[in-house]
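Next up: just one chain, as structure tokens, the form predicted alone.
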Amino acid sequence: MTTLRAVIRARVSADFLLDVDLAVEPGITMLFGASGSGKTTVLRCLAGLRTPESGRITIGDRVLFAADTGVDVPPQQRNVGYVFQQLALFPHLTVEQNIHYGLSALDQDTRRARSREIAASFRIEPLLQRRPDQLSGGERQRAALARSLVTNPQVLLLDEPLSALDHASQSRIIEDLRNWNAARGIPILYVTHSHREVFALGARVIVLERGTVLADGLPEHVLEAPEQESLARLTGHENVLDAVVESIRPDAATMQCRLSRSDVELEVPRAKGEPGSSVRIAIRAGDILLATEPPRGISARNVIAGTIGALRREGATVILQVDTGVPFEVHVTPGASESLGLAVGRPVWLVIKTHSCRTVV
């Protein structure tokens, strides 16, 4: 099994330094972060399209870049597959000719056999004589993957190639990619800024923030239980609230917190902090239930009265701003909003489970 290892230090701009140390094992690893966090710069350094100021990049025992010895293998000799966000298929060539592009050193029969094999793996055999403008978005993605993988690269780099596709199409393509990689076991580094893609596609996630590694591990550990406020906001915790610890219940592993400048109290899982200390609490807007009358007989420990201050629809989500003494953002479906008769000025009650609350720094 081959591991990609990289220590990269690259000056991106006067105020942005990429400084990462990472290892990518065989399988799919997600490189996650906001726009401008350095994700694409990492891929460009790995592919040889950008030269770091210092560092070292290896695939197994093979050195691709070493600043201290002057090694810098040209991109075409690195044996690294790269699928760009824009795909970069040649529009004047057929799918088969696009796939052949990286096999020019081989004889015609070998090129044809390799092309047919990879086309079958990604279910595009019937499309080989079509041009890119005759393909659907998903078919173009499959063709781009086939062109990158037909050369049998040691590493595959994916720069948000599936971001324009629906979830079902993404899942089918990734399943084909997993099946292809099952027998080859190469490291695949997949760049995304969507936390939904991280959970759907990857077994491991590396989080970048401002050019450095903020977190690294299983998606359910890194993204579901963020420890930093910046990561919480990045992973869809729209509510980040100042609070003071009022009391601690060691037997229940919880603590009672009062939100700053209000009388609102929340029970949250116990974290670092003693009574009187300040904490920050992060809650996803989609994890908050909403009622139009005081709820009774429920297991959730936090029930907070408030009034709808604003309401707007964005796609399949209705976004509410609820004033409880402190503002909360709440997300509901259009159907729920309509059936509950939600409107600005209407009294509501927020229902929040204890374990939907995260303390962050």
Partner chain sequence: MDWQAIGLSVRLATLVCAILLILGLPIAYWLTFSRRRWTFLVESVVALPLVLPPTVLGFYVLMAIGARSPVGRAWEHWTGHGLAFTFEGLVLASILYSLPFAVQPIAAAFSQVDVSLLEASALLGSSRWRTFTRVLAPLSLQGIITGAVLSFAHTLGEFGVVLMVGGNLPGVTRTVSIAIYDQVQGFDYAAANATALLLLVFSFAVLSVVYGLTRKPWSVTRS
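Positions refer to the first chain, counted from 1. Keep in mind it's a predicted model, so treat the numbers as computed, not measured.
Omitted from view is the form predicted together with the partner chain, to which the following refers.
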Q) Judged by heavy atoms and a 4.5 Å cut-off, are 47, 82 and 89 together in contact with the partner chain in the predicted bound form? A) yes
(Q) To verify the annotation, which of these, 151, 194, 170, 121, has a non-hydrogen atom within 4.5 Å of the partner chain in the predicted bound form? (A) 151
**Q.** Residue among 75, 275, 269, 217 with a heavy atom within 4.5 Å of the partner chain in the predicted bound form
**A.** 75
Q) Counting only non-hydrogen atoms and a 4.5 angstroms cut-off, does residue 142 reach the partner chain in the predicted bound form? A) no
Q: Spell out, yes or no, whether the shortest heavy atom distance between residue 199 and the partner chain in the predicted bound form is within 4.5 Å.
A: no
Q) Would residue 108 sit within 4.5 Å of the partner chain in the predicted bound form, counting heavy atoms only? A) no
**Q.** residue 263, heavy atom within 4.5 angstroms of the partner chain in the predicted bound form
**A.** no
**Q.** Stretch in contact, per heavy atom within 4.5 angstroms of the partner chain in the predicted bound form, of 246-254, 285-293, 112-120, 89-97
**A.** 89-97
